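One chain is shown next in structure tokens, namely the form predicted alone.
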């Protein structure tokens, strides 16, 4: 009688392929996110870490000295010029935000609720985006011959008798800076609000009207609350762009207004890199706190 010996398989050997597949399946999301993390690390995290490191360095006779000092932050936070510059920049941000919100909400509301055809909605929306086909600098320069002392607007006002002398405040003034900011950044408010309004269920609007609510009540109690995520996203865009802008302030104010971005640009032109880096870190923290405050008020996750 022959005896056949069968080697016992190791315990769990039959489950090895399944376990390996489960491990690969659990690691797959991380592998898919790896390229994004590499891009963020190389182009965002490393530059920010470099700026933070340089902000603690010292500069002596146009040479950077790798060390650890707090003088740059003391100079930045202890200077009256810095605080007044931040107040000026925040004032610009608040005025531009209010103007772009009013224009952006009105345009988005008109496109969403008064233009019935989807084709016309897209056509009119593209008309709003046409200025973005040119650079910001060209759009700013185009205001100079229009607002100048002998520009088109002043000549027209004097021709019709509204004024007998050119209006000096139109160009190279805070008014010109705000006007250019609104022109440049209104679309950043229109797009998210329009996207949010298009998602509003029209049945809610009809239900409010059937319940006796007038147009103002519908706008106040239905449309505005449901549009808050888009308003918050547009606010983040506009405020962060205005806080970091320096070209607009320099060109449209004629050097008569200051901003944090312009202050950093001047420090860089003087090769004061550690001081500029400290100002950049303070500005970054300020903007992040503003964004955090906005996110605490409005939950925008459903729009992302």
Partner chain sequence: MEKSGPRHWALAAFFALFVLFLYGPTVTIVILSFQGPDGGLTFPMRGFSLHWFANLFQPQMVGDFGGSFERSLALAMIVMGLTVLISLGAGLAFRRRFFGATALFYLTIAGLIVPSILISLGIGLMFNVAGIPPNWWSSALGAHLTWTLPFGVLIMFAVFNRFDHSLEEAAQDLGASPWQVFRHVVLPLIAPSLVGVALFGFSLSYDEFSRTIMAAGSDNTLPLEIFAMTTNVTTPVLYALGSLTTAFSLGLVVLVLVLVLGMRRRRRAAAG
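Only the largest set of C-alpha atoms that superpose within 1.5 Å between the two forms is called the rigid core. Residue numbers count along the first chain shown, from 1. A quick note: this is a predicted structure, and the numbers were derived from the prediction, not measured.
From this point on, the text means the form predicted together with its partner chain, which you will not see here.
Is residue 118 a contact residue for its partner chain in the predicted bound form, using a 4.5 Å heavy atom cut-off?
-> No, residue 118 stays farther than 4.5 Å from its partner chain in the predicted bound form.
So in the predicted bound form, does residue 32 come within 4.5 Å of its partner chain, heavy atom to heavy atom?
-> Heavy-atom contact with its partner chain at 4.5 Å: present for residue 32.
Do residue 238 and its partner chain come within 4.5 Å of each other in the predicted bound form, heavy atoms counted?
-> No, residue 238 sits far enough from its partner chain in the predicted bound form that none of its heavy atoms falls within 4.5 Å.
Would residue 132 count as touching its partner chain in the predicted bound form under a 4.5 Å heavy atom rule?
-> Heavy-atom contact with its partner chain at 4.5 Å: present for residue 132.
Select from the listed residues 226, 111, 95, 167 the one whose heavy atoms reach within 4.5 Å of its partner chain in the predicted bound form.
-> None of the other options qualify; the answer is 111.
Of 144, 158, 207, 77, which residue is found within 4.5 angstroms of its partner chain in the predicted bound form when only non-hydrogen atoms are counted?
-> Selected residue: 144.
Segment that reaches its partner chain in the predicted bound form - one of 119-127, 158-166, 87-95, 69-77, heavy atoms within 4.5 Å = Partner-contacting stretch among the options: 119-127.
If you look in the predicted bound form, which residues in 242-258 sit within 4.5 Å of its partner chain (heavy atoms)?
-> Residues within 4.5 Å: 244, 246, 247, 250, 251.
State yes or no: after fitting on the rigid core, is the Cα displacement of residue 293 between this form and the one not shown at least 2 Å?
-> Not so; residue 293 is displaced by less than 2 Å.
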